[in-house]
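The data below hold one chain only, encoded as structure tokens and taken in the form predicted on its own.
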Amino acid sequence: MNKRSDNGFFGEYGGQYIAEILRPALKELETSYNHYRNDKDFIEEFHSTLKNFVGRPTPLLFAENVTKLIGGADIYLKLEGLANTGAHKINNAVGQALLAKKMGKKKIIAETGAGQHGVATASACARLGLECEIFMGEIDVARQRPNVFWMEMFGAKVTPVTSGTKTLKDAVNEALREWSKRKDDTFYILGSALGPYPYPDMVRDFQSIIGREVRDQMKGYFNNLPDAMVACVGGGSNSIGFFTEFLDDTSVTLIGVEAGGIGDNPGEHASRITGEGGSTGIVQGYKSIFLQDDNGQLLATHSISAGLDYAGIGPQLAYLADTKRITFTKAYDNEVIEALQLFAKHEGIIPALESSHALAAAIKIAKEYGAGKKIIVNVSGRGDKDIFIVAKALGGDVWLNFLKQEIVRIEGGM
């Protein structure tokens, strides 16, 4: 299977639908990336940074306790949350930041939803000595305050976006506007495998380290291929990075898990492939499947996880859905919380709410497959950032009282 785009397209999806003012910047980016992705020194620096700064390879763990508890297929966990900054996002941030330096850019801008891409970008910029500005929807700023704190600690400027839905979609729009103003000295690090070409190819390539490590690591557990691989899907950077190495292995079922939210009605979920309202459109520089109305206006979305509430999906993932190479399902908010609790209690990990979508689906799949089968789940991030959301979802009166008391202590100067 062709893993790269064909002149920027995956079937009918992809492309470069962008304002004329940004075309020179995209052409410069395309030319530079196509050069450096084959440059020995660049590749060596990228992998050295992944090893010594990011902490790769991340472990592959047999979830022995949960496997025994549910009595189904063996479940293995790729623990991307153990990478520096707590998620897979750092792989792509490092790759693009290194490319920016090679291109002589001085400032980095980026968008973020859950905040993990923002934290990763700010961290990479701190390491490489680059100016950094992160655009983040005002709503996401409020619900992901811990990540905002760490971005600022890394020296980044966090700019709240107050237009539109005040979430990831609007953060992307604002970042694109800023790039159009400062394209000569500024590099836009896009965090997911979407947007105008060459971003879907570039992000996938930097994230494909995940799948390559899995192929090598699984030999320590079993000699044959896994029966299924499961990943959450928002825009799609963690899933396409996880799946790409196995696209040609047709015996491996690839399963993408969307945000089912709180229901199946418009505005209650972010399920582009498995929900109502998904159709082909052109948004933010690329053609793909979006949640939109009959007039092409994006619908409101909902997910308990800020990283999965985007109205679109990466073009390669849309193509792989059309061609049936990836099977899509969804997990509802309540199932996500239950999965997080199960794996925390029995495996000692704290998965991000995004990753817990994949874990929720894996529980069902393991039961369906039965003993003797093997499933690998990409646990794309760590859930420290979600403590406020999870505590609230669990009706945490103790947590609420702690916060009230902490406010008193802060105001009292204690």
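A quick note: this is a predicted structure, and the numbers were derived from the prediction, not measured. Residue numbers run from 1 along the displayed sequence.
Below, we refer to the form predicted together with a small molecule, which is not included among the displayed structures.
(Q) Given that the small molecule is not shown alongside this chain, does Ser192 nevertheless sit within 4.5 Å of it in the model of the complex, heavy atom to heavy atom? (A) Close contact exists here: in the model of the complex, Ser192 approaches the small molecule to within 4.5 Å, heavy atoms only.
Q: Check whether Gln144 has any heavy atom within 4.5 Å of a heavy atom of the small molecule in the model of the complex, and answer yes or no.
A: Judged by the heavy-atom cut-off of 4.5 Å, Gln144 is well away from the small molecule in the model of the complex.
(Q) Against the small molecule in the model of the complex, would Ala110 count as a contact residue? Criterion: heavy atoms within 4.5 Å. (A) Output for Ala110 is no: heavy atoms all beyond 4.5 Å of the small molecule.
Q | Touches the small molecule in the model of the complex: Pro200 (any heavy atom, 4.5 Å) | A | No, Pro200 is distant from the partner.
Q.
Looking at Ala122, Val233, Val336, Met136 here, can you tell me which has any non-hydrogen atom within 4.5 angstroms of the small molecule in the model of the complex?
A. Residue within 4.5 Å of the partner: Val233.
Q) From the list Ser303, Ser271, Gln116, Ser288, which entry has a heavy atom within 4.5 Å of the small molecule in the model of the complex? A) None of the other options qualify; the answer is Gln116.
Q) So which stretch, 327-335, 225-233, 293-301, 212-220, is the one near the small molecule in the model of the complex (non-hydrogen atoms, 4.5 Å)? A) This holds for exactly one stretch, 225-233.
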